[in-house]
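Considered here are two forms of the same protein chain, supplied as structure tokens in two stand-alone entries, structure 1 and structure 2.
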Structure 1
Amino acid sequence: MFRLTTIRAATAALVLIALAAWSVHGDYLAREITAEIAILAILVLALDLVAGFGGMVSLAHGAIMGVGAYGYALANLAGLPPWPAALVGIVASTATGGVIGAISARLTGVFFLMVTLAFGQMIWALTFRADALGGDNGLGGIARPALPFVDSNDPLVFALYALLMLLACLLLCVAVLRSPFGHRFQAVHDNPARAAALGFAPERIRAQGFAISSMLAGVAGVLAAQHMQFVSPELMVWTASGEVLVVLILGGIGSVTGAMVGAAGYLLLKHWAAGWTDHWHLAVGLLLIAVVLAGGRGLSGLLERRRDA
């Protein structure tokens, strides 16, 4: 059961404030990395919602995010202004996730993982082959949103806008987990037999949870399209989803704040290590195994345990 403990709220606030301060005082690169962290954190948060609280470990989240990004890009290129186009992207992701969730909800564990892998790869392969979607080359020339008083093409403005979106998604995620639906969703995972005996429909609840998570992934997709102003099938391939899962595990699954800690830590490590080595994935692999051997609670779990002791 999810609890918004003081340490979790404090960690989330600290990460958000630190990133905001870094992008205000930092250079162009700091602002770009902040936007990247915020977008990845939203996607990891979406995965945490289903994987951490519903036991539905998905390898389709990259593809679902990609559907949101392509939905925004296509709507925008067809002449729709950014905000309605964003709605199109988010609805497309939610619908995609809803369908995948409805079909896959009866599978659990590693079989759920593999069926989401199959659906994600189907979406990737379709996009890759579709000439109307730009195929392998992707789509460019995507607009950023119009914001009141400021220009979203300014890297600082976009970084802060992305952080605000992350905050909104974080609050939404907490609200969902604390709602009666969120309690049912977690109950269905913790004890399916008892939840079913109480009259819950486990499969429908799991599918709905997956759709909500896909909505968050859609937000990340729209933001990614706005940030890069370019979309390509690279977003959707299953290894992208695998990377999101790795970030979630490193950050700490099932804690909500782990998503932010993981995304920030992962991208900072990536940009820092990329400066002097080509082989930083070696460290990621070793860290992943270390986290799994340590019990799988990740960086944020480490923080919480230290406080408990």
Structure 2
Amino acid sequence: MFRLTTIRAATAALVLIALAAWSVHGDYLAREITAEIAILAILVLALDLVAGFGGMVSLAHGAIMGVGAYGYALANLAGLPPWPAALVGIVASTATGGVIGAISARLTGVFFLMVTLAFGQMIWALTFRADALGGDNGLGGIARPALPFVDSNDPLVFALYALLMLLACLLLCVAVLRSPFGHRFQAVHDNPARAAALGFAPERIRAQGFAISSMLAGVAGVLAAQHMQFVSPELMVWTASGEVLVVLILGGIGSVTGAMVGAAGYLLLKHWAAGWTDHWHLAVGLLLIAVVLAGGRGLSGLLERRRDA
């Protein structure tokens, strides 16, 4: 069962404080990267919920995030204010994930992985070919939400707003995992036969967990649309979901806080390496190999192991 240990809570607090301080004292690029880290961390957190605690490794989360982004964009461009439009985007992602989860919940392992990949590709193809959604050109002119006393178009304000959303999603994820539903969800993963014998409905619980995870992915999608003020089918390409899985492995599966550590480490390394070579993937790949060979628990696992040593 999940436990929010002292080292995990301290790691999450340290990452948030460091990113906030970097945004306040850094330049425009620092604030943009901070917003990117927060958005990616929320999406990785969503995947960690189903992969790390439900055993459902998904390659559809990039597409589900894209549904949230497009839901927000379409509602906003239709005249709905940003906050109600954000609710539309989150509901759209939750509903999409609920359908995918309900259909895929009886599958496990590579079969579940391939079905989610197929759903993601279908969503991408429909979006890519839909003229009403802008097709390959995407949709622009998307508004950011109005925040009290500050201007959300200010890069610093938006970076801090994104970090607050990340904190809220982290707390929500912890609350879900520590709730009775979270205990049932993890029990189904640990021993589905015993969970069924206790009267649980494994397929329904797995589908509900996938829907909750999709809701978090929808939050990431809404934030991405607000950040870029533009959406395109590139959000839904299956490689985007693969990138999220790589970041999750890098940060640490099943730790929750690994999503933040992995997203920060991945994007900072990516931007640093891209400054001196076009082959920045090599640096990321070498780090991933090193982390896996060191025990496979990700960067957050290494931190916990050093503390316990």
Partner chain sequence: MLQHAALLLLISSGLSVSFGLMGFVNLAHGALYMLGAYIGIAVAAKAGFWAALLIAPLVVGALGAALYLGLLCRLRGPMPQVLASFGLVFITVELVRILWGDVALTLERPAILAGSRHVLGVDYPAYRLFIILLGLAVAVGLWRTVHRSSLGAMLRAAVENPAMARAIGIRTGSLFLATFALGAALAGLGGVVAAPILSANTGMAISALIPALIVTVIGGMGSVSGTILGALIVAAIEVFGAALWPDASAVLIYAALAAALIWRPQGLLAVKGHG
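Just so we're on the same page, residue numbers count up from 1 along structure 1's sequence. Between two forms, the rigid core is the largest collection of C-alphas that superpose within 1.5 Å. Not measured: the values here are computed from a predicted model.
Only structure 1 comes from the form predicted in complex with the partner chain. A movement of the C-alpha atom of residue 9 falling short of 2 angstroms is seen between structure 1 and structure 2 when the two forms are aligned on their rigid core.
Core-superposed comparison between structure 1 and structure 2: the C-alpha position of residue 288 differs by no less than 2 Å.
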